[in-house]
Ligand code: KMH
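One chain follows as structure tokens, the form predicted on its own.
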Amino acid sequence: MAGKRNKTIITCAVTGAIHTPTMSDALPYTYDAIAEQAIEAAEAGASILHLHARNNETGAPSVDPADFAPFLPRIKQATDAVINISTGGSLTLSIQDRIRPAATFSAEMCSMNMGSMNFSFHPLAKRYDNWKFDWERDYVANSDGNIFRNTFKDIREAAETLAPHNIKFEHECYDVGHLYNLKFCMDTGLFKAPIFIQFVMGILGGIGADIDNLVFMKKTADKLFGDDYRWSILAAGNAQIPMATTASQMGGNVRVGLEDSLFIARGELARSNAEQVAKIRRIVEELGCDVATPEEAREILDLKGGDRVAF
């Protein structure tokens, strides 16, 4: 119900499948580090934790449920935060592989990418000479040849497979066309209101992170979904905090975390996910908004509850 709630939900994306361990020592990739940073982010004010997994030895992106199992129960026992499991995983994997963790653990939320795109981060390969793991350089450099596949068939398969779990989807829309894809899927009965949309901005291959584009995305979503949606913004790199600040003043929710940006200020690496959460919380509250608790987030997004997950 855009513009009609007075609580700002903070999501923290703790570790992603994009950034590599080389780029920042703060980026968690071991089971222990992911759990510790997720718990700290929740304590700092994140009501939703968006989680990827990594191989504990190599740091490589993983969709193996065995790589989620060591940290999910720890986070659940230590916090009341909503767990949102990624279905993005790796750009080269099938949708069946990518949705397996969400299905295995029956999380309250999971991401759902709403269109195929040239998702690339290959320019990062030129910024580093030394790499911690053997897989990193090629993984980053070769991303210019990958298409992040999310066809209508893929979206339907994911939605139908996960429907029995009553999982709320975080519909990640990287461009305006993805909003129209989502509208089509709603019209055909795949998703029901209220939906939760994440405007993803500043990723190479998607829409740029600037205020004009945010206003356009918001106006388009209003036209397509009326009062039947909630929304948030994810802005990559140095646009993270400025765009989140703007979105919070437009009635939106916000996402921060080391998956989206390794920095706390221009040229200054963040020391942790919690540092980013604390910064955006301070800004949001000083500008007159209240930050939602996990229970308030569950009510706003109509979630099934933390007692109905399988971890």
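Everything numeric in this text was worked out from a predicted model, so none of it was measured. From 1 onward, residues are counted along the sequence shown.
The following text describes the form predicted in complex with the named molecule, which does not appear among the structures shown.
No residue of the trio R100, F105 and D154 has any heavy atom within 4.5 Å of the named molecule in the model of the complex.
Partner contact region in the model of the complex: 50-58, out of 36-44, 272-280, 50-58, 238-246, criterion any non-hydrogen atom within 4.5 Å of the named molecule. Put simply, Y139 is far from the named molecule in the model of the complex: not one heavy atom of it is within 4.5 Å. Proximity of Y174 to the named molecule in the model of the complex falls within the 4.5 Å heavy atom cutoff. Although the partner is absent from this view, F225 stays clear of the named molecule in the model of the complex, with no non-hydrogen atom inside 4.5 angstroms.
Among heavy atoms of L303, none comes within 4.5 Å of the named molecule in the model of the complex. Of the residues in 194-210, those that come within 4.5 Å of the named molecule in the model of the complex through at least one heavy atom are, in sequence order, V200, I203.
With a change of no less than 3 Å, the CA-CA distance between T20 and E259 is smaller in the model of the complex than in the form shown.
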